[in-house]
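Single chain ahead, written as structure tokens, the form predicted alone.
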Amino acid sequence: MSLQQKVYLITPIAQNRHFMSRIIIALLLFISSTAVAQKPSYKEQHRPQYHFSPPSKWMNDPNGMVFYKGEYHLFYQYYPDSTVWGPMHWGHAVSKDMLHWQHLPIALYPDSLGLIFSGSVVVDKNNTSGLKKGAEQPLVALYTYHDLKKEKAGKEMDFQYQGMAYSLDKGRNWTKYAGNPVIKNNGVKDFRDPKVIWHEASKHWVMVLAVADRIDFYRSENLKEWSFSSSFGKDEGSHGGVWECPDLVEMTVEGTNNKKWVLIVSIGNGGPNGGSATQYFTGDFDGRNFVNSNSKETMHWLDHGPDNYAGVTWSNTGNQKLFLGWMSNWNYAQVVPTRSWRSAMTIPRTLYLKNAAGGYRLYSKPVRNLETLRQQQHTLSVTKPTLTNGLNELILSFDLSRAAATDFGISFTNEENELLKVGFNKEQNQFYIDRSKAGDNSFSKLFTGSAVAPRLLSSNIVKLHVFIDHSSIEVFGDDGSVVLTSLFFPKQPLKSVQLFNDKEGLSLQQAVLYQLKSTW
């Protein structure tokens, strides 16, 4: 049994004993400082070099992402005792640019009410909570408690409910609200992942909560007392798995003054290329009710690849909507071939809303800060491979009207003859990633070889914007109208890059490769 687990077990016994409480606090501070002091090497096999990954052990969903006084806070589901899922904590890191991260002590530990599942953080600018005591505005976290003992007992379903914590020192230290839980469960098994926003029109806080196969909306004036407003989605969109990690953002439609609301919902299974994935709905929201602009059966995917899940946006970023996802899939997340650490996040992305391809569509583009990582620049060719450091950004465009080739793209190889392909198939009108020969796939039969995504636009110019790290690739097709994210696990980094085509007559407009530098 770990020291954290021992502290977790004795906490309920000592909660009214001042002396024991002081000992517990001291132990927690010691644990946190020790964890941060043990700086990871970031040189392990498969360890990403410009993506966020934990110092060690298990990580999944991004949580509580908030921007405050020049810092991007990233909290995340974290189990500090193993490389597989276990009693959940909130890990914590901060960054000035979403690329270079400083690991901080664990922010939230399990307690007598349960494990700490996913949630969100807001800046209480107007002190609606009444928690402000000094110069700093309160940062308020709303998260899900998961009562593991009650779940294992199997007698009742109401083992998830919502808790609150707050920080008065820019997120460095957190105090759990004495009145927890702030929302009790009425007997639903899956009742979790609160995302909270300020709804300016109604002057209320709004909570978006995943409840089994739907989304429930709650309202509050002070972040402490919540009332139910409405439900959405029981018969809409994809229901291949349980709904999780919702987000609600108001966005201006590009090129207009019109605004729409986008509801982002992750599903545990049934994604377009198998396993977990993230869908979204576009519509109207009046502070109480969300109305979908599309038919109930319409499914829009934020990312068609197999390895982008549970993503949400940073709060307090104004009109700019910045997104980050967990770069894995519940089909195989706990068995991927990494040892001292498991999981990474996607690169941060800016979201745009456009009226295109028959309706409102979310576009995703890499944040501009990634350009600061560019080093050597190369021009790619079909006839000769380019040797790189294995950390690359590629920008390519092809002219379909002049090309005889029907299957073309970019291939990545190494001395072990492992092969990763990213391309576009003209006859099937789809983008794809083929990782079937890109390394180890023996750890899971569900780690499938290829991922495809239908092209949404009809232009003759096909664009690919690609980011490859040691064990991941992210493809932004046609200016981000289509996105695919995929993991792969080669024996050695894929450092040889070359264009490919199935027929002569490939018509290139641009084929540029940048070597990128590590952020670690």
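Note that residue numbering begins at 1 and tracks the sequence as displayed. Bear in mind that the values here come from a model prediction, so they are computed numbers and not experimental data.
The same protein has a further form, the form predicted together with a small molecule, not shown here; the description that follows concerns it.
Enquirer: Pick from 77, 279, 313, 128: which residue has any heavy atom within 4.5 angstroms of the small molecule in the model of the complex?
Expert: Contact with the small molecule in the model of the complex is made by 77 alone.
Enquirer: Of these, 141, 107, 245, 327, which has a heavy atom no more than 4.5 Å from the small molecule in the model of the complex?
Expert: Looking at 141, 107, 245, 327 one by one, just 245 meets the 4.5 Å heavy-atom criterion.
Enquirer: Choose one stretch from 374-382, 346-354, 410-418, 82-90: the one whose residues place a heavy atom within 4.5 angstroms of the small molecule in the model of the complex.
Expert: Going through the listed ranges, the match is 82-90.
Enquirer: Within 4.5 Å, heavy atoms only: does residue 195 come near the small molecule in the model of the complex?
Expert: So residue 195 does not count as contacting the small molecule.
Enquirer: In the model of the complex, does residue 398 have a heavy atom within 4.5 Å of the small molecule?
Expert: Looking in the model of the complex, residue contacts with the small molecule do not include residue 398, since no heavy atom lies within 4.5 Å.
Enquirer: Taking the shortest heavy atom distance, is residue 60 within 4.5 Å of the small molecule in the model of the complex?
Expert: Judged by the heavy-atom cut-off of 4.5 Å, residue 60 is in contact with the small molecule in the model of the complex.
Enquirer: In the model of the complex, does residue 323 come within 4.5 Å of the small molecule, counting heavy atoms only?
Expert: Flag for residue 323 set to no.
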